[in-house]
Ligand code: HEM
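Here you get one chain, nothing else, as structure tokens; it is the form predicted on its own.
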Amino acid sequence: MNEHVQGAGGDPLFNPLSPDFIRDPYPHYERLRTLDTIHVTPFGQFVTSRHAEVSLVLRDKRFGKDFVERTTRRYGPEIMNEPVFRSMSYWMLQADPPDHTRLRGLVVKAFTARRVEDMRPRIQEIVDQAIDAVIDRGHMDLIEDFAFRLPVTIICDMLGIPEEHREVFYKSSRDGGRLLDPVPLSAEEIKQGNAGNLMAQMYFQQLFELRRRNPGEDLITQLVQAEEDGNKLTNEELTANIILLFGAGHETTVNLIGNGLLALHRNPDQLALLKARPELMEGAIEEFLRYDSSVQMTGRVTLEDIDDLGGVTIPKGETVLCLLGSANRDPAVYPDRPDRLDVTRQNVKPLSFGGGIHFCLGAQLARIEAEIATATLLRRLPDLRIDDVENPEWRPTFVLRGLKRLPASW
């Protein structure tokens, strides 16, 4: 392994915030898989790009999160005084057992297959309302007017956020994604992150009070009751994990729907096939997840020395970044033209929802939301055209891959 392996023309192999990488990371991934399978970044992180190593790291108990230690190593000991990092340190996504087991156990019941299946009629209703609102206009932004409203409404339903508070969530900016990128944040970005985090904390603290007085059938009521049983959940954990669920509950699904629609319109043969054979939709969603994942990367920390990951020794305490988007196009697993969108592809098992103990809680919900949204759009607006499929505007974040806007007309 050579730390200084360069790409074509001397560019660094892994520069995930460069505009070229954000526009299309996949050629870069292919170079990493071929030239430098365990790549070391300038920040000393180990980057895995092949399916074999990525899936191993996600499932192997020798790798964990160790968030505080990892973040302190990167930013220095004062960083945990910053509210946004302090809040993230309580996320179940960043926790190891036993905290992870306890936190996840408190919310898992809200996401069972049965619960999620029961939400189909509500999901259908929201999708139809979104289309009803624009159908006579003849044009919309597929992100703001369509993809965004569905998951935000669903997560508001699940959390018990009152109708009259929701407008601010529909209008809220989607710029939190930078927090997850593997490139350190500037002081200004940390300041913005803190401001957003404190606003969310203030809002949810008020909502917790409301639910203590007026319990509902929602997740916040359930968690407020767990908090009163002091050994289950502290107030900081409660607040942080609601913020996590709110963000995770919509960010990624918006991108799944948007990236999927763009991919279909860039591949008109696949779009025509899916219109002609709506029964292919369930498999098509798996292919969208594989082809252009809304989460491109997840990270772990070595909890002990690792002798041989892809031929490399990694000492305890090092960060390992798993490129999910790269693993999803690894020809070792998808020998049949992995860079092609194929809605009839068999045995698609994307790593887009992660793996191991942190496997996405909302995976099934996201799939059903994307399935109903895409199927309904193709059925109700069959002549919809995306204005510019060649050069759409991507959000300037790497881990959360998605479009800023996607104007379309019919």
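Every value quoted in this text rests on a predicted model; they were computed, and no experiment measured them. Residue indices: 1-based, along the sequence shown.
The form predicted together with the ligand exists for this protein as well; it is not shown, and the discussion that follows is about that form.
Of the residues V224, L309, V152, L93, just one reaches the ligand in the predicted bound form with a heavy atom at 4.5 Å or closer; this is L93. Interface residue among A248, I314, I220, I123 relative to the ligand in the predicted bound form, by the heavy atom within 4.5 Å criterion: A248. Stretch-level contact analysis of 47 to 55, 361 to 369, 378 to 386, 32 to 40 against the ligand in the predicted bound form, using heavy atoms and a 4.5 Å limit, identifies 361 to 369. Though the partner is left out of this view, H28 does not reach within 4.5 Å of the ligand in the predicted bound form, counting heavy atoms only. Contact between L261 and the ligand in the predicted bound form is not found at the 4.5 Å heavy atom cutoff.
Taking non-hydrogen atoms only, R74 never approaches the ligand to within 4.5 angstroms in the predicted bound form. Interface membership of T374, defined by any non-hydrogen atom within 4.5 Å of the ligand in the predicted bound form, is ruled out.
For the three marked residues, R23, R290 and R329, no heavy atom of any sits within 4.5 Å of the ligand in the predicted bound form. For the stretch 236 to 273, the set of residues having any non-hydrogen atom within 4.5 angstroms of the ligand in the predicted bound form comprises L244, L245, A248, G249, T252, T253, L256, in sequence order.
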